[in-house]
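First, one chain by itself: the form predicted alone, in structure tokens.
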């Protein structure tokens, strides 16, 4: 399933990310199907999809950590060549899988992450880590998973670069810590930085992203503005019965012009309405007196899993 993007193509200029024909296989598993992608300079783009959808492979391919089988990549106007050092000097990357030296103290590990960068970079990273309340004098072996994740994030946010690629940066963080991360991202994006981040939390993606890419089986199946996703999610009407059968019968009885899209899943009927007011459709349902009334009616969706399934017909996480 694909959805046409309404996002204009970006020239390979400052802060932009451009991909042409990028593909990657590991044995018989095609992790990335040939894809094209344009991300304009500035703003935050969210990358969403289930585990194994190719998000991390795409991110690692963009910075040269994985050599693709085919295709070309440009970051900040420069083409990825060789080991990718030419573009890694112009971006930061926070990996989804972390490895740390347990005997190092937090402050020393932050310095090690940023070796080769200037003092101002280290100062910014230390300030952010301190704002998170991280005990920089303690050894990494005493850090929780969430604390390690925050230290990696602080390191990724320290350098003054035009592009940041952040893989599952809030995984394992409690809601208050995720809020601190998203606030930092907003501030950074306002300075013109381009941020590509992956996440399983639709709430945080919805709060900070200008654009959302949905991935599945190595493909981008939907590419749209966050505001469009929000509008569509706000028009979802979900009807549930106690047994199978009524959902399809009700769908067959409804006028086709009362909804844009519809999906029957066992006992559930999901309608993407043509308007944000569900009352006209509910009034039509009340007239179907020969069919059983739904046991549950829900209007609007709020979770990533529900939105991903309802809008694109596939499981998200």
Partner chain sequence: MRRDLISYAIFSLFLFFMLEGLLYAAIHWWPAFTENMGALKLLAAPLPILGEQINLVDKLGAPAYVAGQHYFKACNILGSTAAVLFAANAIAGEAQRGTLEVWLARPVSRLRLYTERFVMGQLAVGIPVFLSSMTVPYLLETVGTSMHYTDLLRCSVYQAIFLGTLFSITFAFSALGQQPLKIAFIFLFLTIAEFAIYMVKTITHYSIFRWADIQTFAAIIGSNTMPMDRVAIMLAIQAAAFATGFAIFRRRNP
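Since we're looking at a predicted model, the values are computed, not measured. Positions refer to the first chain, counted from 1.
This next part talks about the form predicted in complex with the partner chain, which is not shown.
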>> If the cut-off is 4.5 angstroms on heavy atoms, which of these, 175, 141, 116, 133, is the one near the partner chain in the predicted complex?
In response: 116
> Ok, 225, 207, 88, 186: which has a heavy atom sitting within 4.5 Å of the partner chain in the predicted complex?
Replying inline: 88
> Only one of 251 to 259, 23 to 31, 36 to 44, 278 to 286 gets a heavy atom within 4.5 Å of the partner chain in the predicted complex; which is it?
Replying inline: 23 to 31
> So in the predicted complex, does residue 108 come within 4.5 Å of the partner chain, heavy atom to heavy atom?
Replying inline: yes
>> With the partner left out here, check for me: in the predicted complex, does some heavy atom of residue 263 sit within 4.5 Å of the partner chain?
In response: no
>> Check residue 95 for me: does it contact the partner chain in the predicted complex (non-hydrogen atoms, 4.5 angstroms)?
In response: yes
>> Taking the partner chain as it sits in the predicted complex, is residue 64 near enough to touch it, meaning that at least one heavy atom pair lies within 4.5 angstroms?
In response: yes
>> Residue by residue through 247 to 273, which ones have a non-hydrogen atom no more than 4.5 angstroms from the partner chain in the predicted complex?
In response: none
